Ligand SMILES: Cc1cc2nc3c(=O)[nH]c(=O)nc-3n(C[C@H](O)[C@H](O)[C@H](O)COP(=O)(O)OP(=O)(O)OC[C@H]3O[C@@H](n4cnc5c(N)ncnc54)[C@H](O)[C@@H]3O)c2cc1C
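One chain comes next, on its own, written as structure tokens: the form predicted alone.
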């Protein structure tokens, strides 16, 4: 069975593959997308909780206001109204006291968050000032950033253990998905510059108000199908090879193949290396992708007998728990009186090393200290979901391995948050990679084609202070 030529086949229905499909469909290109699973969305997916009847996200995904291409993707596909913008971030110190991070009216970037940072009472005044000075120094660095970890650099700046644990880690762990001692200084700088210094709104967080499986597994595929794209689920591509005619043959197993002149492979790095192994002689870099390390992220799902807090989110500082989310699923009456919360732990190596009852007990204790007004909570049930390679590990020197979306083989492009986007493993990086993969193929017909939308504008004072 052979697919007629002319249609671009996209292998992988995660956010990167969906973004590539959206870009091509809007350019008038015929597209067919293959996804091995029964539902699209990749790691941004959900499961049906049999006790409550609710769709529960395996792990909460959020965007930031600085994620302009992810916002563009949501606008194109009609998802923008499904996200709530949080303009204030709620931090809870080890003592349980709450500190809100918000932009101060009238202050331009990069000074807009300075008053909030100076009020972080879980650091001494000396530690606060030292951290602020280090952030400014980091922003002014423009070379040598990928030669060391951010943890190494911070110790060279004489940041105290308390500052590392209570200031730098809460920001960078969730943004980079990796520990301070493993993450590249280059990407730490990007987080602070793009997320906190360049623009007043950049730090704000966009939280989905519907299950991820509904957004990326139902609404986006429906949008694509309405525009003529063919979306095939439960169909795995096992390998891709070049034919003598210069096209690509996709092996689907059991002797079934598809042929296409143009292919975008939008798979995680190890799976992409496996599928593209037949072309590795012509593209040796494929073999290097297996050397990329992954980092785990865990979602700890908790059901209590009473409300813990009415806050939509909280950042816990100096604890095993990192982010707490209160998804708006249903009313207590429709969920049997249970109250659901999710704790997200990035770079969850410590959690993996613990036995589950001990880990859950510690997390519940941390939540009770942060929210003592909740009283004597009773944990009804729980579930821990860990994705061991949820994101690629942004270690120093990784950029030499991250491939461009444009391959050296005509008609073949790749996508994935792990490809060369300049971003860590985020929703933004995934969308950027999909857009760039579509651009790599489209430029054959339109050399001036540009897919990426602009970043948020950089404030004039930030440009003057940091040379941005």
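Positions refer to the first chain, counted from 1. Being a predicted model, the structure only gives us computed values, none of them experimental.
As for the form predicted in complex with the named molecule, it is not shown, yet the points below apply to it.
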property: Which of 425 to 433, 22 to 30, 46 to 54, 406 to 414 sits within 4.5 Å of the named molecule in the model of the complex, heavy atom basis; result: 425 to 433
property: The single option of 273, 231, 191, 390 touching the named molecule in the model of the complex, heavy atom within 4.5 Å; result: 390
property: Answer option from 420, 65, 59, 440, heavy atom within 4.5 Å of the named molecule in the model of the complex; result: 59
property: Any non-hydrogen atom of residue 172 within 4.5 angstroms of the named molecule in the model of the complex; result: no
property: Proximity of residue 235 to the named molecule in the model of the complex, heavy atoms at 4.5 Å; result: yes
property: Distance check, residue 9 to the named molecule in the model of the complex, heavy atom within 4.5 Å; result: no
property: 4.5 Å heavy atom contact, residue 297 and the named molecule in the model of the complex; result: yes
property: Residues in 217 to 234 with any heavy atom within 4.5 Å of the named molecule in the model of the complex; result: none
